[in-house]
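Consider the single chain below, provided in structure tokens and representing the form predicted on its own.
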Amino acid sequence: MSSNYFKVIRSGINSTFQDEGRSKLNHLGIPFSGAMDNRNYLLANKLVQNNLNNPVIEFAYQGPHLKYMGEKINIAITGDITFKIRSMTSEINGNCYETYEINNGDEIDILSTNKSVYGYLSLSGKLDVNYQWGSCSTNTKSNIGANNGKKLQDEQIIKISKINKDFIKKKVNYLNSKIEKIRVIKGTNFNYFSETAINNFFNKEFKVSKLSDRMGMRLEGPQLENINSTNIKSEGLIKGVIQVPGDGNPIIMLSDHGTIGGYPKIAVIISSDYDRLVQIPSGSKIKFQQVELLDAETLFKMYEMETQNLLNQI
């Protein structure tokens, strides 16, 4: 066994290993996967001075409770998270977007996300995880990636293959902002839907279903009437596309989505809004706003600039 490792005391609700994901494999039926909230993933790695594509532990709603054994390391947690760090002599309430030194025998207890879904735990070094097709990202639907494609389990040992001993204290001021409306561009089957359905889509609220996961976000609300065909010939899907099955309730494809689908597509979430979309918890209400493609491209450039500015502050 590696001399540096975490022991999982409590695995949490949906804790997996993630990195930036897999590219150019959709034609083989292998989805992109990767961290759901890319900005928070990148900030987690930069805080501990890692390569930006290093593996991290992604968790949803409740994170893992881990006990560390080994040489001193730095850790950081990003998102809107309540967590504690316990040593033999003390217990502190941790702050997100700030590094902490963890010593042999210390525990990290990630209690919950706060009105959000995903958080990220990074450490100054490299997790000893296996890769498939150039990525460690875990897809539990397909059993792909690190940890044999499974979520973390209680009593599991997480080995650390390499430690970065740069223990400079790092911190960045960042607020996970909410978004009033999720912006979209028209989907390829936009004209399949009635005028009433389109009006409802852009003017009525939808509720995020409890059935949502890394594969898709199911919505409940006004049923969207299809006036053409509720099924189409299966074709390629992308992250953020909104399919509408026969029951009229939209499904937003997320990071572990299937690579083809046969439901009409009414719209696509613009890339700059995706990180904030995935942080909307079940039971929340959302609304959609249409933008043009040129506006979506401009907004994404602004998102990338903001992300880079945050990384440069660390």
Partner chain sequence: MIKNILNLGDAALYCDFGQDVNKETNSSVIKYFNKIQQLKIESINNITPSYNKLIISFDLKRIKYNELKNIIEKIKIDKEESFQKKIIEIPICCEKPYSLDFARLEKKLKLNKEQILKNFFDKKYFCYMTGFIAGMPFLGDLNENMRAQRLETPRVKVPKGSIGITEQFANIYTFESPGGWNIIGNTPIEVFDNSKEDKPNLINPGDTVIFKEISKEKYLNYEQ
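Positions refer to the first chain, counted from 1. Keep in mind that what you see is a predicted model, and the values were worked out from it rather than measured.
Just so it is clear, the following notes concern the form predicted together with its partner chain, a form of the same protein that is not shown.
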Query raised in the report: Any chance 143, 188 and 246 all have a heavy atom within 4.5 Å of its partner chain in the predicted complex?
Result: yes
Report summary line: Which of 174 to 182, 108 to 116, 72 to 80, 132 to 140 lies within 4.5 Å of its partner chain in the predicted complex, heavy atoms considered? The stretch 132 to 140
**Report entry** Option touching its partner chain, based on a heavy atom within 4.5 Å in the predicted complex, out of 203, 230, 103, 194
**Finding:** 230
Query raised in the report: Does residue 46 make contact with its partner chain in the predicted complex, using a 4.5 Å heavy atom cut-off?
Result: no
Requested in this report: Tell me, yes or no, whether residue 95 is in contact with its partner chain in the predicted complex, where a contact means a heavy atom of each within 4.5 Å.
Outcome: no
Requested in this report: Report whether the minimum heavy atom distance between residue 23 and its partner chain in the predicted complex is within 4.5 Å.
Outcome: yes
Query raised in the report: Would residue 276 count as a contact of its partner chain in the predicted complex, using a 4.5 angstroms cut-off between non-hydrogen atoms?
Result: no
Requested in this report: Heavy atoms within 4.5 Å of its partner chain in the predicted complex is the criterion; list the residues of 280 to 313 that meet it.
Outcome: 293, 296, 297, 300, 304
